[in-house]
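The data below hold one chain only, encoded as structure tokens and taken in the form predicted on its own.
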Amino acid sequence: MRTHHRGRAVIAALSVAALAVASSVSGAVAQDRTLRIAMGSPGEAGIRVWEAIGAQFEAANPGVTVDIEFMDDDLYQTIGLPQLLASPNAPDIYFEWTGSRMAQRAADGYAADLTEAVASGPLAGLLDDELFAAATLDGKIVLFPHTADVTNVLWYNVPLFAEHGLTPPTTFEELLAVCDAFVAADIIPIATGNKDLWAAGNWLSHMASRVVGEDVYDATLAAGGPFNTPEWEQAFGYIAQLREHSCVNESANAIADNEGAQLFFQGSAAMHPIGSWLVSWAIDEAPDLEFDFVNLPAMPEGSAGDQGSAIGVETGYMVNANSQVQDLAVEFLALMNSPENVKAYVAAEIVPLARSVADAGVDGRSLRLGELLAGAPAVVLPPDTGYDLEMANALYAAEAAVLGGQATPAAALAALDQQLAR
């Protein structure tokens, strides 16, 4: 958790108050302006917060309309956002991940320079300076960070584990033993919905990084191969072991991620590997579910990676360089990071990176997820947000083939390299 600078937070609060007055004036002058915002769905609780902030902004800016488009996450991440950016009504603000995706948006001309707004404009003082390192390209800040997501941990049903006298696994060997115990009790050990490949792919790629080592993982994904090596075959061998022990639901590759989550929410599965957003998701879907998490269990002795690593990424919002209302976009980003709205996000189990979050009463699980990411000795980037998406999807498909029993580790890796070489 970042150190809270109370003096800076007060300054930030005052700047937001002044912004509201200034916004009213600018809005009165420029009538009938629309501010368009695009993102994947933040869940029902998150949507309510965004809509409330939109209403606040419209009230402070007469004549301005805030149009927020919430899109299916998988669609947004693949073809949705590129199509929106190329459309006549392109978003002025849009959600993005740091890493290769952010760099691609900048290369395509869709990234406004936010450096001045952060240094001395409406966005000054809202975040700690070190958060902008991953949001900077060629010395220019092109993304305003909002959250830092642990993209995969192992969530578990607390009462179900207690009922069967089991403890959350901390090693891969313990994980296999827990799988065996739940299979014997006719309970799905791990539920996942991997129809779109990323849900299990994110988890299994983190597992692979623990085996091959973070440097090899990064070098292989950045170069797009080769994957057909002894290190990667060893890593994929552990995926095969998960199948051999029936750790994952047989329907894994046939159902969507929300269907996999429902198996966990309904108590049909003991564990669910997914990211920090599960907390806010459960607010509406399973409010009575008692659940907690452990980080990925340590892989067997001889693995090259850091067994305390976390997988995660910083996310935030970019302003479209082609937007005709960049001034409004910057003002909106400031408003969404006001102390009052930070508290509203926290109430929806979304933990912003704003300095004022220290006073917002964060849920204990979300707080520990933030501490996990901040304190991890190594942070691994998810393939589909930190690297080339086509390569990531090919890797995910190879992992799914092994998990589903359609290919051996060696065959899946050979096919992966062949596909990437085309």
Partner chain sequence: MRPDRRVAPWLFLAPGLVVFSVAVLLPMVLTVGFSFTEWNGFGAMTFVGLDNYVRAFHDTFLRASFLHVIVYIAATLVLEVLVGLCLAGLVSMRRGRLWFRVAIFTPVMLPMVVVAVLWAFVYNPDFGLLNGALEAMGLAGLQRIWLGDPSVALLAISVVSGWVYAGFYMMIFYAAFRQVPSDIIEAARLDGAGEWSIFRRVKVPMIRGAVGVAVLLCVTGGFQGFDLFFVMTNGGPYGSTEIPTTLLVRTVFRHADVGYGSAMAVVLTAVVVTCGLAYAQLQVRRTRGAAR
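Since the structure is predicted, the reported quantities are computational estimates derived from the model, not experimental observations. Positions refer to the first chain, counted from 1.
Below: the form predicted together with the partner chain, not depicted.
Enquirer: Could you spot which one of Ser323, Thr170, Thr136, Ser251 gets a heavy atom to within 4.5 Å of the partner chain in the model of the complex?
Expert: Spelling it out, the residue with a heavy atom inside the cut-off is Ser251.
Enquirer: Where, among 368 to 376, 353 to 361, 392 to 400, 55 to 63, do residues come within 4.5 Å of the partner chain in the model of the complex by heavy atom distance?
Expert: Among the candidates, contact is made by 392 to 400.
Enquirer: Looking at the partner-bound form in the model of the complex, is His245 within 4.5 Å of the partner chain by any heavy atom?
Expert: His245: no, not in contact with the partner chain in the model of the complex.
Enquirer: Although the partner chain is absent from this view, report whether Ile255 comes within 4.5 Å of it in the model of the complex, heavy atoms only.
Expert: Contact check for Ile255: yes, within 4.5 Å of the partner chain in the model of the complex.
Enquirer: How about Ile239: is it within 4.5 Å of the partner chain in the model of the complex, going by heavy atoms?
Expert: No.
Enquirer: Is the gap between Phe144 and the partner chain in the model of the complex 4.5 Å or less for some heavy atom pair?
Expert: No.
Enquirer: So, a 4.5 angstroms cut-off on heavy atom distances: do all three of Thr78, Asp196 and Gln419 pass it with respect to the partner chain in the model of the complex?
Expert: Verified in the model of the complex; spot residues all in contact, yes.
Enquirer: Select from 107 to 128 the residues with a non-hydrogen atom within 4.5 Å of the partner chain in the model of the complex and write them out in sequence order.
Expert: Residues within 4.5 Å: Asp108, Tyr110.
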